[in-house]
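What follows is a single chain, given as structure tokens, in the form predicted on its own.
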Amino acid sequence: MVKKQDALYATALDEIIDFRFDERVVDVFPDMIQRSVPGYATMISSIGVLAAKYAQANSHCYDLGCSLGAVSLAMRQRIRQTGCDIIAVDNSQAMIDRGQQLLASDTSTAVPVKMLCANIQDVTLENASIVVLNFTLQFIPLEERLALIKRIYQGLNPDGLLILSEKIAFDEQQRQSFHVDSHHEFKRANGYSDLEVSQKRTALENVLIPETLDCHQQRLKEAGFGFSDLWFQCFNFTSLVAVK
């Protein structure tokens, strides 16, 4: 499948609507995510490594907010425990449809993957050894985030793993400016113009609500996780692990 270049914000728009994962985004998503999220490929491959270690036999592995299924594919290619399956969930039908096409072309079929179009807050989580929220929680309303993390904790088996990747904010203005500016420079280095950076930022500002690292860690603790740690950071893009 040919990867199309993201040019959604390359020309000046009369009106910038809130960002949504529709057909237009799905068409360019692989290019968009690679050019917009520093360290994305490293995170995906490393999630596969973590899945190989923490997957438990005869359990479910959840990819919540799966988009095109990159995390699901990484887990599928690494997991060796018997009786595991992967449940991938996204509320964009366009993402699910395209993701199913990509899964169909994958030759690693030992671990079955089921893709569901649903809101992740509505999905029953049970007998889980791994749950991944890869840049997903930031799109959930603030007031619903703790309840979701608590449900994940309750659905995890003992020694189960949550992987939480998020764009974060900083309390200190100097740190915030450094990381935001560095991220924008990263996007320019990958071919995005100042116009594209500006218009994309406007489209996301009411949709993607970042929080501080401390806020995420406090929420994990409140949900019941006894251990959590930051395992990846590149500019203001991070990933944490939490073990039940």
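In case it trips you up, residue 1 is the first one in the sequence shown, and so on. Just so it is clear, the model here is predicted, and its values are computed rather than measured.
Although not depicted, the form predicted together with a small molecule is the subject of the following passage.
- Within this chain, Y40 lines the site of the small molecule in the model of the complex, having a heavy atom no more than 4.5 Å away.
- Residue contact with the small molecule in the model of the complex: I140 places a heavy atom within 4.5 Å of it.
- Taking non-hydrogen atoms only, S92 approaches the small molecule to within 4.5 angstroms in the model of the complex.
- In the model of the complex, none of the heavy atoms of L213 sits within 4.5 Å of a heavy atom of the small molecule.
- Taking a 4.5 Å heavy atom cutoff to the small molecule in the model of the complex, the contact residue among N119, Q174, Q101, T109 is N119.
- Of the residues A52, I44, I209, V180, just one reaches the small molecule in the model of the complex with a heavy atom at 4.5 Å or closer; this is I44.
- Picking from 180-188, 27-35, 53-61, 214-222 the stretch near the small molecule in the model of the complex, with a 4.5 Å limit on heavy atoms, gives 27-35.
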